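First comes one chain, alone, set out as structure tokens in the form predicted on its own.
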């Protein structure tokens, strides 16, 4: 168990801000490629000219997840010339709670010993044994952090309470593997909101589509554009003018969802969407139901839609749907359109 789980970790790094206000990448183990290192420095709040202080941020770049924990050094410690530092963990898996817990322990070790050696030892113990124990710094067990818990950690009920029936736009975009861009000036709000969205397409359990913290730089946008469909979070308001990046734009502070001109046909809504939307809203508004029960309700409805789609495909030659085949069933136009695009997303369409 420890072997497979621990092999998901890739590296641990250290960024320091000193008394002169200089921020530097000072150490890593085993290694971090220079392009990724530059990106991680840009994501660390210590390099962002005294702007807001963020204790924990996470994101994804080139299929590598990064988790950055930042602390202010309170006197007196072994770190006499350092005012702040960040621990950066990179990994293959999405699990913010797991890496936040590990980083907290590593931060306490660094404050106590003032040397990365102890952190490296702890990191290696986690890599080899899946555990890191230390009396004064707390203990960490990898098996306490099941990936399913990470998938269910956000609140889908909060999303529905903010957007109501419009949540169906997000559901449709996810089902059709479209590009969703979310803007909020506060990174914490962005992380909290975007991490929930992949759960609306629970049958895929695919969090690799999540890019919660993207800057408008060529390198990052190039990486993002390699993904056919994604959820991308931006703090820069300028992203609202980048219609080349999204099919659906979510203005989180104003609670407004916009479908781009180019995606309007594929995203056309009909009775099927209304039924699913009502089911999502009713389930989410039921005080008795937990977030995971709401996700289950949506998932059951999705499975029903997919089963119908599979049945339609089974009638066709080589089990692939064609537009002509769909037309014979005389579905309402919006339903036919949705099933056609869904068949494409689920690889059930004859090309």
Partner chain sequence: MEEVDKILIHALKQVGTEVSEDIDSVKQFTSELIVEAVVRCIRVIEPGLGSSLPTSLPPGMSARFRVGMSLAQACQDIGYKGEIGYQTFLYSNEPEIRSLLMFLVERLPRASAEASDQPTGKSAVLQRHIAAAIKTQLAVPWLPPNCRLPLHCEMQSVGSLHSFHTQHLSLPHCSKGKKQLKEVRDYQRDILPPVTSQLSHQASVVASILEQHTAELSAAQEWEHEWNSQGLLSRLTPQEYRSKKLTRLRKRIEEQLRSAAQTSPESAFGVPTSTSDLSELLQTFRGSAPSDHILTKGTHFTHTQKFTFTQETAAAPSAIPIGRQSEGDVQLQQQEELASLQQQIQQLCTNIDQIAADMKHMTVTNAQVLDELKQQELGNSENTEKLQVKKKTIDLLPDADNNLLKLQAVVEASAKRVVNLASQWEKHRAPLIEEHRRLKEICSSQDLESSRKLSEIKSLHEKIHMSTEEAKKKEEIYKQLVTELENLPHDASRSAYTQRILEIVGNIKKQKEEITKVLSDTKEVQKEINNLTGKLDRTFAVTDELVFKDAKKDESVRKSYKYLAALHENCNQLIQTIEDTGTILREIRDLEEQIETENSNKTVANLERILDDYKAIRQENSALAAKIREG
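Nothing here was measured: the structure is a model prediction, and the numbers come from that model. Numbering follows the first chain given and starts at 1.
One more form of this protein, predicted together with the partner chain, exists but is not displayed; see below.
Asks: Pick from 121, 144, 158, 275: which residue has any heavy atom within 4.5 angstroms of the partner chain in the predicted complex?
Replies: Only one listed residue qualifies here, and that residue is 121.
Asks: Which one, 247-255, 110-118, 161-169, 95-103, holds residues whose non-hydrogen atoms are within 4.5 Å of the partner chain in the predicted complex?
Replies: Selected range: 110-118.
Asks: Using a 4.5 Å heavy atom cut-off, are 35, 215 and 283 all in contact with the partner chain in the predicted complex?
Replies: The answer is no: none of the three residues contacts the partner (heavy atom, 4.5 Å cut-off).
Asks: Indicate whether the partner chain has at least one heavy atom within 4.5 Å of a heavy atom of residue 337 in the predicted complex.
Replies: Result yes; residue 337 sits at the interface with the partner chain in the predicted complex.
Asks: For residue 296, is any heavy atom within 4.5 Å of the partner chain in the predicted complex, or not?
Replies: The answer is no: residue 296 has no heavy atom within 4.5 Å of the partner chain.
Asks: Can you tell me whether residue 226 touches the partner chain? I mean in the predicted complex, with a 4.5 angstroms heavy atom cut-off.
Replies: Judged by the heavy-atom cut-off of 4.5 Å, residue 226 is in contact with the partner chain in the predicted complex.
Asks: Even though the partner isn't displayed, in the predicted complex is residue 240 close enough to the partner chain, meaning a heavy atom within 4.5 Å?
Replies: No, residue 240 sits far enough from the partner chain in the predicted complex that none of its heavy atoms falls within 4.5 Å.
Asks: For a quick check, can you give me the residues of 21-38 that have a heavy atom within 4.5 Å of the partner chain in the predicted complex?
Replies: Stretch hits, in order: 22, 24, 26, 27, 29.
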